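A single chain comes next, written as C-alpha coordinates; it is the form predicted alone.
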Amino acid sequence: MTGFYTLLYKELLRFWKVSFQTVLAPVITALLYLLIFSHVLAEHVQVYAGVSYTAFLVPGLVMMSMLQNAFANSSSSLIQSKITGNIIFVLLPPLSYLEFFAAYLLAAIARGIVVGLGVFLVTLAFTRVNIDHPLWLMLFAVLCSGILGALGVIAGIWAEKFDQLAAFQNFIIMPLTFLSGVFYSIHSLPSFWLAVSRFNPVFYMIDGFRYGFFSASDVAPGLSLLVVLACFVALSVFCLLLLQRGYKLRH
(Lines give C-alpha, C1' and ligand atoms only; values in the text may rest on other atoms or scores of the structure.)
Protein backbone atom coordinates (compact mmCIF):
# COMPACT_ATOMS: atom_id res chain seq x y z
CA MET A 1 0.00 0.00 0.00
CA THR A 2 3.05 2.31 -0.07
CA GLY A 3 2.20 3.46 -3.59
CA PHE A 4 -1.35 4.32 -2.58
CA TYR A 5 -0.25 6.40 0.40
CA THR A 6 2.38 8.17 -1.71
CA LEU A 7 -0.12 9.07 -4.43
CA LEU A 8 -2.65 10.21 -1.84
CA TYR A 9 -0.02 12.36 -0.13
CA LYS A 10 0.98 13.84 -3.49
CA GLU A 11 -2.66 14.74 -4.29
CA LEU A 12 -3.25 16.26 -0.85
CA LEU A 13 -0.04 18.26 -1.06
CA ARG A 14 -0.90 19.43 -4.58
CA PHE A 15 -3.93 21.44 -3.47
CA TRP A 16 -2.66 22.37 -0.01
CA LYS A 17 0.51 24.00 -1.32
CA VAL A 18 -1.65 26.51 -3.22
CA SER A 19 -4.38 26.79 -0.56
CA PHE A 20 -4.73 30.52 -1.25
CA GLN A 21 -6.18 29.56 -4.63
CA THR A 22 -7.77 26.18 -3.88
CA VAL A 23 -9.27 26.90 -0.43
CA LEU A 24 -9.39 30.62 0.32
CA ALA A 25 -10.66 31.73 -3.11
CA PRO A 26 -13.80 29.52 -3.09
CA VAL A 27 -14.51 30.53 0.52
CA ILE A 28 -14.48 34.20 -0.51
CA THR A 29 -16.69 33.44 -3.52
CA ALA A 30 -19.28 31.69 -1.34
CA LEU A 31 -19.17 34.59 1.12
CA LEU A 32 -19.91 37.05 -1.69
CA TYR A 33 -22.94 34.96 -2.73
CA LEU A 34 -24.16 34.99 0.86
CA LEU A 35 -23.78 38.74 1.27
CA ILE A 36 -25.39 39.63 -2.06
CA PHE A 37 -28.38 37.28 -1.94
CA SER A 38 -29.08 37.81 1.75
CA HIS A 39 -28.90 41.59 1.34
CA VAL A 40 -31.34 41.53 -1.59
CA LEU A 41 -33.80 38.86 -0.46
CA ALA A 42 -33.52 38.43 3.32
CA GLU A 43 -36.46 40.73 4.04
CA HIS A 44 -38.69 39.18 1.36
CA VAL A 45 -38.12 35.41 1.51
CA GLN A 46 -38.59 32.83 4.25
CA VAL A 47 -38.49 29.21 3.12
CA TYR A 48 -38.80 27.32 6.42
CA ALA A 49 -40.65 28.52 9.50
CA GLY A 50 -38.26 30.01 12.05
CA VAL A 51 -35.31 29.92 9.64
CA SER A 52 -34.05 33.19 8.19
CA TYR A 53 -33.22 33.32 4.50
CA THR A 54 -29.57 34.01 5.31
CA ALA A 55 -29.40 30.84 7.41
CA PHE A 56 -31.24 28.94 4.66
CA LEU A 57 -28.49 29.89 2.20
CA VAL A 58 -25.64 28.52 4.30
CA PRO A 59 -26.09 24.74 3.72
CA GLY A 60 -26.56 25.25 -0.02
CA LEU A 61 -23.45 27.40 -0.32
CA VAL A 62 -21.40 24.96 1.77
CA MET A 63 -22.49 21.99 -0.33
CA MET A 64 -22.07 23.88 -3.63
CA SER A 65 -18.50 24.79 -2.64
CA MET A 66 -17.71 21.20 -1.65
CA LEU A 67 -19.06 19.79 -4.91
CA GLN A 68 -17.27 22.23 -7.18
CA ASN A 69 -13.94 21.85 -5.42
CA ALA A 70 -14.08 18.06 -5.16
CA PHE A 71 -14.67 17.93 -8.92
CA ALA A 72 -11.93 20.47 -9.62
CA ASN A 73 -9.36 18.61 -7.52
CA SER A 74 -9.47 15.24 -9.26
CA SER A 75 -10.22 16.51 -12.78
CA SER A 76 -7.54 19.21 -12.83
CA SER A 77 -4.91 16.87 -11.41
CA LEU A 78 -5.50 14.25 -14.08
CA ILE A 79 -5.68 16.64 -17.03
CA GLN A 80 -2.51 18.43 -15.92
CA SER A 81 -0.69 15.12 -15.56
CA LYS A 82 -1.86 13.99 -19.01
CA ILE A 83 -0.91 17.24 -20.76
CA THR A 84 2.50 17.58 -19.09
CA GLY A 85 3.22 13.88 -19.55
CA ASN A 86 3.98 13.08 -15.91
CA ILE A 87 0.99 10.72 -15.76
CA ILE A 88 3.50 8.07 -16.79
CA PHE A 89 5.05 8.22 -13.32
CA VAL A 90 1.69 7.26 -11.82
CA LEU A 91 0.92 4.53 -14.36
CA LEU A 92 4.32 2.77 -14.32
CA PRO A 93 4.45 1.80 -10.60
CA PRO A 94 2.60 -1.39 -9.58
CA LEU A 95 -0.52 0.47 -8.46
CA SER A 96 -3.84 -1.29 -8.89
CA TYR A 97 -6.65 0.65 -10.54
CA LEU A 98 -8.49 0.52 -7.20
CA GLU A 99 -5.58 2.21 -5.38
CA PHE A 100 -5.31 4.77 -8.19
CA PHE A 101 -9.02 5.60 -7.89
CA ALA A 102 -9.04 5.64 -4.07
CA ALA A 103 -6.11 8.08 -3.87
CA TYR A 104 -7.70 10.60 -6.24
CA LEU A 105 -11.12 10.15 -4.65
CA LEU A 106 -9.95 10.63 -1.05
CA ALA A 107 -7.95 13.72 -1.99
CA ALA A 108 -11.01 15.20 -3.72
CA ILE A 109 -13.15 14.46 -0.65
CA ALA A 110 -10.53 16.06 1.61
CA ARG A 111 -10.42 19.26 -0.45
CA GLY A 112 -14.22 19.42 -0.64
CA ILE A 113 -14.61 19.06 3.12
CA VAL A 114 -11.84 21.57 3.89
CA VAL A 115 -13.44 24.17 1.62
CA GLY A 116 -16.93 23.41 2.96
CA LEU A 117 -15.74 23.77 6.55
CA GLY A 118 -14.08 27.06 5.67
CA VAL A 119 -17.28 28.39 4.09
CA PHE A 120 -19.33 27.33 7.12
CA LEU A 121 -16.97 28.95 9.63
CA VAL A 122 -16.93 32.24 7.70
CA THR A 123 -20.72 32.39 7.46
CA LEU A 124 -21.02 32.11 11.25
CA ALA A 125 -19.91 35.74 11.43
CA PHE A 126 -23.10 36.76 9.60
CA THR A 127 -25.82 34.39 10.80
CA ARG A 128 -26.54 31.76 13.42
CA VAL A 129 -27.09 28.25 12.07
CA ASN A 130 -28.13 25.25 14.16
CA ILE A 131 -26.95 21.73 13.36
CA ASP A 132 -29.68 19.24 14.23
CA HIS A 133 -28.05 16.10 12.78
CA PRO A 134 -24.21 16.34 12.66
CA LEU A 135 -23.67 12.69 11.66
CA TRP A 136 -26.12 13.12 8.81
CA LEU A 137 -24.18 16.18 7.66
CA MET A 138 -20.89 14.30 7.66
CA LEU A 139 -22.38 11.39 5.75
CA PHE A 140 -23.69 13.70 3.03
CA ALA A 141 -20.47 15.73 2.97
CA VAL A 142 -18.36 12.62 2.35
CA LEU A 143 -20.72 10.93 -0.12
CA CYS A 144 -21.46 14.05 -2.16
CA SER A 145 -17.81 15.10 -2.32
CA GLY A 146 -17.04 11.53 -3.36
CA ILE A 147 -19.61 11.69 -6.17
CA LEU A 148 -18.08 14.82 -7.65
CA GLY A 149 -14.59 13.49 -7.02
CA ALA A 150 -15.42 10.35 -9.02
CA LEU A 151 -17.03 12.49 -11.73
CA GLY A 152 -13.86 14.58 -11.79
CA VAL A 153 -11.76 11.44 -12.37
CA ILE A 154 -14.06 10.48 -15.25
CA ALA A 155 -13.83 13.97 -16.75
CA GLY A 156 -10.05 14.00 -16.33
CA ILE A 157 -9.76 10.64 -18.07
CA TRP A 158 -12.04 11.69 -20.93
CA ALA A 159 -10.67 15.19 -21.55
CA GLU A 160 -7.56 15.62 -23.66
CA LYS A 161 -7.19 19.38 -23.24
CA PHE A 162 -8.25 22.08 -20.81
CA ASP A 163 -11.01 23.34 -23.15
CA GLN A 164 -12.83 20.02 -22.95
CA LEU A 165 -12.59 19.98 -19.17
CA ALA A 166 -13.86 23.57 -18.99
CA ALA A 167 -16.81 22.63 -21.20
CA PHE A 168 -17.61 19.70 -18.90
CA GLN A 169 -17.64 22.02 -15.91
CA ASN A 170 -19.45 24.95 -17.55
CA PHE A 171 -22.18 22.95 -19.29
CA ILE A 172 -22.76 20.13 -16.80
CA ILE A 173 -21.47 20.87 -13.30
CA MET A 174 -22.38 24.55 -13.04
CA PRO A 175 -25.96 24.30 -14.41
CA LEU A 176 -26.76 21.27 -12.24
CA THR A 177 -25.39 23.09 -9.19
CA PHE A 178 -27.13 26.43 -9.69
CA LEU A 179 -30.46 24.78 -10.61
CA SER A 180 -30.50 22.54 -7.54
CA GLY A 181 -32.11 24.77 -4.92
CA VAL A 182 -29.03 26.46 -3.50
CA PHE A 183 -30.78 29.84 -3.41
CA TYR A 184 -34.44 28.77 -3.33
CA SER A 185 -36.89 26.00 -2.50
CA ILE A 186 -38.02 24.02 -5.53
CA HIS A 187 -41.61 24.36 -4.28
CA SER A 188 -41.44 28.03 -5.30
CA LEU A 189 -40.95 26.98 -8.95
CA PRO A 190 -43.65 26.54 -11.61
CA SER A 191 -44.88 22.97 -11.98
CA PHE A 192 -42.77 22.24 -15.07
CA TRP A 193 -39.49 23.32 -13.48
CA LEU A 194 -40.46 21.63 -10.23
CA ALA A 195 -40.73 18.35 -12.13
CA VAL A 196 -37.43 18.97 -13.92
CA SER A 197 -35.66 19.68 -10.63
CA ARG A 198 -36.59 16.25 -9.32
CA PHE A 199 -34.36 14.71 -12.03
CA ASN A 200 -31.36 16.75 -10.89
CA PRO A 201 -29.20 14.59 -8.57
CA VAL A 202 -27.47 17.67 -7.13
CA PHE A 203 -30.85 18.82 -5.77
CA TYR A 204 -30.99 15.71 -3.55
CA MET A 205 -27.43 16.33 -2.36
CA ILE A 206 -28.21 19.87 -1.26
CA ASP A 207 -31.68 19.10 0.08
CA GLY A 208 -30.45 16.15 2.12
CA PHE A 209 -27.52 18.17 3.44
CA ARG A 210 -29.87 21.02 4.40
CA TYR A 211 -32.02 18.55 6.36
CA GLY A 212 -29.03 17.94 8.64
CA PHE A 213 -29.14 21.60 9.66
CA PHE A 214 -32.84 22.36 10.02
CA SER A 215 -34.65 18.96 10.15
CA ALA A 216 -36.63 20.34 7.20
CA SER A 217 -36.34 19.57 3.50
CA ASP A 218 -38.24 19.72 0.21
CA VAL A 219 -38.33 15.92 -0.17
CA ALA A 220 -38.05 13.02 2.27
CA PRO A 221 -34.45 12.81 3.55
CA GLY A 222 -34.45 9.06 3.05
CA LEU A 223 -35.07 9.57 -0.66
CA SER A 224 -32.19 12.03 -0.85
CA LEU A 225 -29.86 9.53 0.83
CA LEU A 226 -30.98 6.76 -1.54
CA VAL A 227 -30.30 8.92 -4.62
CA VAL A 228 -26.91 10.00 -3.29
CA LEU A 229 -25.86 6.42 -2.51
CA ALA A 230 -27.00 5.21 -5.93
CA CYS A 231 -25.08 7.98 -7.69
CA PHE A 232 -21.94 7.31 -5.66
CA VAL A 233 -21.97 3.58 -6.38
CA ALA A 234 -22.80 4.00 -10.08
CA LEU A 235 -20.11 6.60 -10.75
CA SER A 236 -17.50 4.70 -8.73
CA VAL A 237 -18.15 1.46 -10.61
CA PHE A 238 -18.07 3.25 -13.96
CA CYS A 239 -14.83 4.99 -13.05
CA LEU A 240 -13.22 1.73 -11.94
CA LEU A 241 -14.20 0.10 -15.23
CA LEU A 242 -12.55 2.93 -17.18
CA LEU A 243 -9.38 2.62 -15.11
CA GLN A 244 -9.33 -1.16 -15.45
CA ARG A 245 -9.51 -0.85 -19.24
CA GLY A 246 -6.94 1.96 -19.26
CA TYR A 247 -9.28 4.14 -21.31
CA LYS A 248 -7.34 7.15 -22.68
CA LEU A 249 -4.60 6.51 -20.14
CA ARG A 250 -2.67 3.41 -21.23
CA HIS A 251 -2.22 3.94 -24.94
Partner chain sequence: MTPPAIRIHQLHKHFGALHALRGVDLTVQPGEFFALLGPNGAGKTTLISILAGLVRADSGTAEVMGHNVVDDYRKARQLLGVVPQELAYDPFFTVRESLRIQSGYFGLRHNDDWIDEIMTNLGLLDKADTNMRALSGGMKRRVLVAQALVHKPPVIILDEPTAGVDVELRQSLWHFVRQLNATGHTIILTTHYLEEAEALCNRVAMLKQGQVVALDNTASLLKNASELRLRIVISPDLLPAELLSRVIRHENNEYILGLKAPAEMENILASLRLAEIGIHEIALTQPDLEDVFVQIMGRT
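Residue numbers count along the first chain shown, from 1. These figures come from a predicted structure and were not determined experimentally.
Keep in mind that the form predicted in complex with its partner chain is missing from the display, and what follows is about it.
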Find out whether any non-hydrogen atom of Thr127 is located within 4.5 angstroms of its partner chain in the predicted complex, and reply yes or no. no
With a cut-off of 4.5 Å between heavy atoms, is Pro134 one of the residues that contacts its partner chain in the predicted complex? no
Within a 4.5 Å heavy atom cut-off, is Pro175 in contact with its partner chain in the predicted complex? no
4.5 Å heavy atom contact, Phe171 to its partner chain in the predicted complex: no
Please pick out the stretch from 113-121, 175-183, 152-160, 92-100 that is in contact with its partner chain in the predicted complex, where contact means heavy atoms within 4.5 Å. 92-100
Residue among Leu24, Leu13, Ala230, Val237 with a heavy atom within 4.5 Å of its partner chain in the predicted complex: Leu13
Within 4.5 Å of its partner chain in the predicted complex, do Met64, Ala141 and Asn200 each have at least one heavy atom? no
Contact set, 15-29 vs its partner chain in the predicted complex - heavy atom within 4.5 angstroms: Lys17, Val18
